[in-house]
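Let's start with one chain on its own, the form predicted alone, as structure tokens.
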């Protein structure tokens, strides 16, 4: 699928630009929740119930109540404007499903890395993945009830992020909050793309 401007016959109605975005992060950070909250269509989910076979493999620290996990991807869609539609692909959070990431990331303009301050180190694999591939990303701190709150500059320092990487607070359950995160990512990715084009 081409996630760019579509060619159209002269005089035909303009087709919206389709943009692919990844929603990534550690296990239990809220990726499925965010995709479901913001999607204007019923999201496609590939969740399975956590079983005893995951004991010793899946770290449930901080998310002990979690009963299901994404094993392939979550998929949703949101129309930002008449000429812009975002297609969202939520990645699986466990290491044993990393082989899915390369396929999901094809054609993506950028990624949201969701963070949980109770398990901040879980962000590093996602951040490393996108940094190594030059994929624009931002970090959205999902504000879980009862979790300690940190200043955004503290989170940025703890994750050793480039100063130009946006760090936001969000509520993955809120459509308006998730939409704000996505719009910020698109603007960030377009800024990076334009800068790269000027260099070329």
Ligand SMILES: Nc1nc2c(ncn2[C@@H]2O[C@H](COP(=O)(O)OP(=O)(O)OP(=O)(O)O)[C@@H](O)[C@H]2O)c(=O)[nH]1
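Numbering follows the first chain given and starts at 1. Quantities reported herein were computed from a predicted structural model and do not represent experimental measurements.
Form predicted in complex with this ligand: not shown, discussed below.
*Asks:* Could you confirm whether residue 136 comes within 4.5 Å of this ligand in the model of the complex, counting heavy atoms only?
*Replies:* It does not: once this ligand is placed as it appears in the model of the complex, residue 136 has no heavy atom within 4.5 Å of it.
*Asks:* Heavy atom to heavy atom, is residue 144 within 4.5 Å of this ligand in the model of the complex?
*Replies:* Residue 144: yes, in contact with this ligand in the model of the complex.
*Asks:* Although this ligand is absent from this view, report whether residue 33 comes within 4.5 Å of it in the model of the complex, heavy atoms only.
*Replies:* Output for residue 33 is yes: heavy atoms within 4.5 Å of this ligand.
*Asks:* Does any heavy atom of residue 140 come within 4.5 Å of a heavy atom of this ligand in the model of the complex?
*Replies:* No, residue 140 stays farther than 4.5 Å from this ligand in the model of the complex.
*Asks:* Taking this ligand as it sits in the model of the complex, which residues of 159 to 173 have a non-hydrogen atom within 4.5 Å of it? Please list them.
*Replies:* The stretch 159 to 173, when checked against this ligand in the model of the complex, contributes 171, 172, 173 at the 4.5 Å heavy-atom cut-off.
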